[in-house]
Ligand SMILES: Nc1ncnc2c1ncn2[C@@H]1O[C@H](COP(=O)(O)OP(=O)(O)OP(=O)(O)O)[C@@H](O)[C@H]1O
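Encoded as structure tokens, the following chain is the form predicted alone, with no partner shown.
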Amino acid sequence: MKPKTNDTETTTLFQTLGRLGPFVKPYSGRLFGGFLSALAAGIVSLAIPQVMGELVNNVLHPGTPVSALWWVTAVVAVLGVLEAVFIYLRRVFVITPASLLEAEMRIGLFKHLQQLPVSFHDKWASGQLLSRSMGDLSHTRRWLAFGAIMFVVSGVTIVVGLVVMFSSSWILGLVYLVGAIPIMIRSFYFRNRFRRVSRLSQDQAGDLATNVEESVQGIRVLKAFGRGQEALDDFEARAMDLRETEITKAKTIASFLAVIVSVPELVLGIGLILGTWLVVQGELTVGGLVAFFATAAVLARPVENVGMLLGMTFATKTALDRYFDVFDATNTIVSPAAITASTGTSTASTATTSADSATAASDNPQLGEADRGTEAAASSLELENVTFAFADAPDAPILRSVDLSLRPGETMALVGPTGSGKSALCELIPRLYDVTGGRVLLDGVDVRELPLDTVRSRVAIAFEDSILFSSTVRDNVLLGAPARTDEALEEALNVAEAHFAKELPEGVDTMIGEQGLSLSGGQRQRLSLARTIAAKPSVLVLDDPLSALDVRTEEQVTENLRAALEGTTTLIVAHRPSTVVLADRVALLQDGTIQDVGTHEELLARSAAYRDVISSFEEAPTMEEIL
């Protein structure tokens, strides 16, 4: 699904750049120093033509002593050295704060992405997020360190240069100024066209990054089905679209540069004819004419740079608009204190909410234990009249009026046909999604009234798809463990029958690569299960945790889980009869509602729907059973 983004036409250039204010403020002193250094370099460069004018008018005459020429040469040399020093200082002043600002904005974006709900990530392609956190922010840094300062300095230099030109000859200065009119008109059209094509280019680059990421992650599928050429054709089509957009962008800049370079040159040609006439008429000295054209030569670079810097500025606006598309996304799943703060409630109200939460925690002491890093006691879990629908389909609820209660320490299996809402129900418990209606209660307290850290330290979940990170086995298994000890690691690996980890090249300190794709599906699932067990939660949610295991390994893991889950409140999504055996009770979820709850034997006896579900995933007999 393509994410909804802000239209860049709705914000002006200054509104977008103004949002950089809070980020720039801590470094404003050094950035201003860089601006002053660049401005000083520009002013010094304008002083050199005036010295040249004095040289022509007062020094280059018969009988003038050679020492006077040396003095003028020395002044020009000193001015040149000063210009170089100021350019060096500009770089010294701006490079560090610009890179620090880029890092802070990138870290801030990543932090915000971590806090945003799963529903946000369901809609956004990873390549789009990657391009915003990398390419867009790198572009912003370059603009801040160079483009912004030089754009202002070039403008000031041009204004000062015009003043100097007018002081030499107001007629020639006026002619040069008139040449700015077609440039201003062309700038208006350039601005509108360039920011549209710039936004398209950056969005296409994000889509291309997504395409690369998906192809790399799915390389096994592409190879297995012989679809590498199709993937290449798709990538080539996207790459060519981006190429065409980049060419359009380059042509847009080139056409603008053609105007701002050719018009001043044409004006200078007219000025040369007019200036010569003024000298002949005695209304302008030869030195004044030389100073005018030397000043025009100095202004040539700032004038040419304006086009490039203007394009860079509009591209930066697009980059910032894309950055704030994500940064402005609302986090709908937050802790109670954050909800109070975001609604602007009074301090007293916030204190009341905090007091209520503290009262709930004191009434249920185990709710606060996770923050102290201790092993959690079993909690009760209750779903009370729960309804849930995804945000993009509010009229098609996945779950409707679900009532389910788990006693502390109880293990309950959740069974149902495909698409009945089992995974969605599991994800409501740790607040990966929030209920649309009803409540999820942990020890009698609505999870929305508890701090998120408390909820997610009390509830651990193992997903059907095993997600591993590009790190060591140790780091993956102990990711959520209250105590990251060798004993906790050993216990979790033993329960999950993940002994293979010790046989890897570097044992549990072996890097397992991105997504853990160097491991088999069963190995990844066992490490994912070990990670959940190591978290020592009070509520354990297992979404079909044994689906990738062979029969023998599953039997051993099932036996281990039976002992490990004693005293832990556990909800297991079951697709195998062997998993159902783990449970004290079984809940049948069908058509988004809980149809029946009871022991396996009770449901077999009284529920035809349950018998249908169980029969649909009866396992084939093993060879030992056949023989």
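Everything numeric in this text was worked out from a predicted model, so none of it was measured. Position 1 is the first residue in the sequence shown; the rest follow in order.
The same protein also has a form predicted together with the named molecule, omitted here; what follows describes it.
Consider the chain as shown here, without its partner, and state which of Y433, Y176, F190, W143 has a heavy atom within 4.5 Å of the named molecule in the predicted bound form. Contact residue from the list: Y433.
Using a 4.5 Å heavy atom cut-off, which residue among G419, G155, G507, G269 comes into contact with the named molecule in the predicted bound form? Filtering the options by heavy-atom distance leaves G419.
4.5 Å heavy atom contact, F390 to the named molecule in the predicted bound form: Contact check for F390: yes, within 4.5 Å of the named molecule in the predicted bound form.
Decide whether E464 counts as a contact residue for the named molecule in the predicted bound form under a heavy atom distance cut-off of 4.5 Å. The answer is yes: E464 has a heavy atom within 4.5 Å of the named molecule.
Decide whether L404 counts as a contact residue for the named molecule in the predicted bound form under a heavy atom distance cut-off of 4.5 Å. No, no contact at 4.5 Å.
Test of understanding: in the predicted bound form, would N305 fall inside 4.5 Å of the named molecule by heavy atoms? Judged by the heavy-atom cut-off of 4.5 Å, N305 is well away from the named molecule in the predicted bound form.
Contact stretch among 103-111, 422-430, 468-476, 77-85 - heavy atom within 4.5 Å of the named molecule in the predicted bound form: In the other structure, the partner sits against 422-430.
Just give me the residues of 571-590, first to last, that have a heavy atom within 4.5 Å of the named molecule in the predicted bound form. Heavy-atom contacts to the named molecule in the predicted bound form: only H575.
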